[in-house]
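Presented as structure tokens, the chain that follows is alone, the form predicted alone.
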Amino acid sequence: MGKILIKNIKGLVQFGEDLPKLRKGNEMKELPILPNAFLALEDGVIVAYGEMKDWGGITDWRDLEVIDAEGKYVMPAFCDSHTHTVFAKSREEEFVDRINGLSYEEIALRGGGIVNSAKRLQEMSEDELFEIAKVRVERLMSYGTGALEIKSGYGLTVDAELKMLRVVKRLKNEMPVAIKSTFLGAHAFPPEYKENHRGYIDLIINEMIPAIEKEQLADYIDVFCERNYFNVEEMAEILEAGIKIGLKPKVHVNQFSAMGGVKKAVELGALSVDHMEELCDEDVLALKNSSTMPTLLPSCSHFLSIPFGDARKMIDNELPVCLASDFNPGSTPSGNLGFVWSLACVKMKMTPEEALNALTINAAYAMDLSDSHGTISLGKRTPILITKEIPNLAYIPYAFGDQHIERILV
């Protein structure tokens, strides 16, 4: 990247030293913005920032790129802590089925949904999967995403799950953004194990997890804890097997029903509990004083026409909130976090400041990236976003149909 000076910044957002690793409750309204600022980077590292009046100038202008950000905001790139970016094909036919009255669960029960994606992925080569996933990651970057987590879960066989995770590993090595890998073999029961849950769980624990450990293919382990999928006891058994090989839990839970999965996930030290469209008082109690980040996925609620997560209840109970895209072919065929920002404001009554905290500092926490992402601090390699000329930050979620990111520096 070399040396870069960004000058005349309208507002330098989410800056400072000794910032917390997350913001919760009323703290989520806090968003430091420095007007008329500059930011200096060297080989991707933040080396200086401050008000333009305090800028002492540069003595060595060789190989220096100067960016004039007059009228523009500069902020840390978004972190997307929940995606399914590696998949074979889109599922627009199921979109039409839902328009015609079928629910997500009804489509799944007749062979659609996750099982449909798994069949298509099993037929595709690793190289093909990698090439199409690479294009998707590039598109996510254009929306302002500077780090993302990618899950497996569309394989549902030993070979196909490992194939997905190998693709994620290749993306980690070749793409300029930080990528975290999550093993989600427990995404659904394959048709041949529909009446034999024990058999598939044994396959996950005895074959998939040891192979993942051998090739070092994952950072996290995930389970879809939901009716018609994996119950709380099954989730716990699978997570515990992953924990034994050093995989930290990040769990799909409470998408359609509250079954006690949040409490168990917290007990097992989950980094995050994701979806949370359903929320009961027991869940709030379990999350209080825990280190687990509740993560809401409003694009999924929008696309499936299911309830939106109760962000206000969480924040009013002094909990943190993270926002992510859930980018996937079945329930969220969009990874645009600018749109997520808008949905959070419009549908979940989060302020623009709360939502941006949920997409940056709290999202970095939900990916174990607090030391490198989410804030603009000296010595960090935080990817940087430069907006187009906009009147204020609230304009981004307000004018939700436009692309407001001019450039991402990674």
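Residue numbers here begin at 1 and follow the sequence given. No experiment lies behind these values; they were computed from the predicted model shown.
Missing here is the form predicted together with N-(iminomethyl)-L-glutamic acid (NIG); even so, the following discussion is about that form.
Shown without its partner, this chain lists P249, G330, G155, G338 as candidates; in the model of the complex, only G330 has a non-hydrogen atom within 4.5 angstroms of N-(iminomethyl)-L-glutamic acid (NIG). This chain is displayed alone, yet in the model of the complex one of K264, H84, K72, K180 has a heavy atom within 4.5 Å of N-(iminomethyl)-L-glutamic acid (NIG); that residue is H84. Across the options 307 to 315, 250 to 258, 161 to 169, 127 to 135, residues that bring heavy atoms within 4.5 Å of N-(iminomethyl)-L-glutamic acid (NIG) in the model of the complex belong to 250 to 258.
At a distance threshold of 4.5 angstroms between non-hydrogen atoms, I150 is out of contact with N-(iminomethyl)-L-glutamic acid (NIG) in the model of the complex. Mapping the unseen interface onto this chain, I114 counts among the residues with a heavy atom inside 4.5 Å of N-(iminomethyl)-L-glutamic acid (NIG) in the model of the complex.
Interface residue remark: Y104 is counted as part of the site for N-(iminomethyl)-L-glutamic acid (NIG) in the model of the complex, having a heavy atom within 4.5 Å. Although the partner is absent here, D326 lies within 4.5 Å of N-(iminomethyl)-L-glutamic acid (NIG) in the model of the complex, judged by heavy atoms. Heavy atoms closer than or equal to 4.5 Å to N-(iminomethyl)-L-glutamic acid (NIG) in the model of the complex belong, across 292 to 306, to one residue only: C300.
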